[in-house]
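What follows is a single chain, given as structure tokens, in the form predicted alone.
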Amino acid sequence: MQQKLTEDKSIYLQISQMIETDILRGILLEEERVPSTNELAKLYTINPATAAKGVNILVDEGILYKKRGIGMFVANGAVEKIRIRRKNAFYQMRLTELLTEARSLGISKDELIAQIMREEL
């Protein structure tokens, strides 16, 4: 977790997203311990309660779970849960915006598909 915090959104949301991103990238593996709220607070110079709020979002979503007295761990299936949710968010936000802009520019479905096919993923 070496990303930097920004002022774009709430710190606790950024903490949550950074942990998710580390899980998706394989930096944090399923069944592996994640940094404690105190470790996160020290790393980012934030209040431990703010770090806990970000971690608790992931607990509520079933991405992390607590082992009493040991810490928080990445749940089995966390990668797939994150991937599905982020894909859905991508389709809702970015794809809708793309299609709206394409319509306003008079770009046909065929033109749009052709352009997408020219790009490499």
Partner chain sequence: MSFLRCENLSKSYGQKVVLNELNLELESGKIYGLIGRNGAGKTTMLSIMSNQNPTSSGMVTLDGDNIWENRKALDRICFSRELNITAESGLAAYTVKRYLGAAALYLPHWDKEMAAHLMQSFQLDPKAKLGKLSKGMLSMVTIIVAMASKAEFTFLDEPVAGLDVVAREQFYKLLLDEYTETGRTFVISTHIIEEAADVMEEVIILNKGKIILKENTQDLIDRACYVTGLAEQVDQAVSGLECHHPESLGRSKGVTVLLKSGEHIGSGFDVTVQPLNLQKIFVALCGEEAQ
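All figures in this text were calculated on a predicted structure; none of them were measured in a lab. Positions refer to the first chain, counted from 1. Between two forms, the rigid core is the largest collection of C-alphas that superpose within 1.5 Å.
One more form of this protein exists, namely the form predicted together with the partner chain; it is left out here, but the text below deals with it.
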property	result
Which of 24 to 32, 79 to 87, 64 to 72, 42 to 50 sits within 4.5 Å of the partner chain in the predicted bound form, heavy atom basis	42 to 50
Heavy atom of residue 7 within 4.5 Å of the partner chain in the predicted bound form	yes
Any non-hydrogen atom of residue 38 within 4.5 angstroms of the partner chain in the predicted bound form	yes
Proximity of residue 11 to the partner chain in the predicted bound form, heavy atoms at 4.5 Å	yes
Residue 104, heavy atom within 4.5 angstroms of the partner chain in the predicted bound form	yes
Residue 99 C-alpha shift between this form and the one not shown of 2 Å or more, rigid core reference	yes
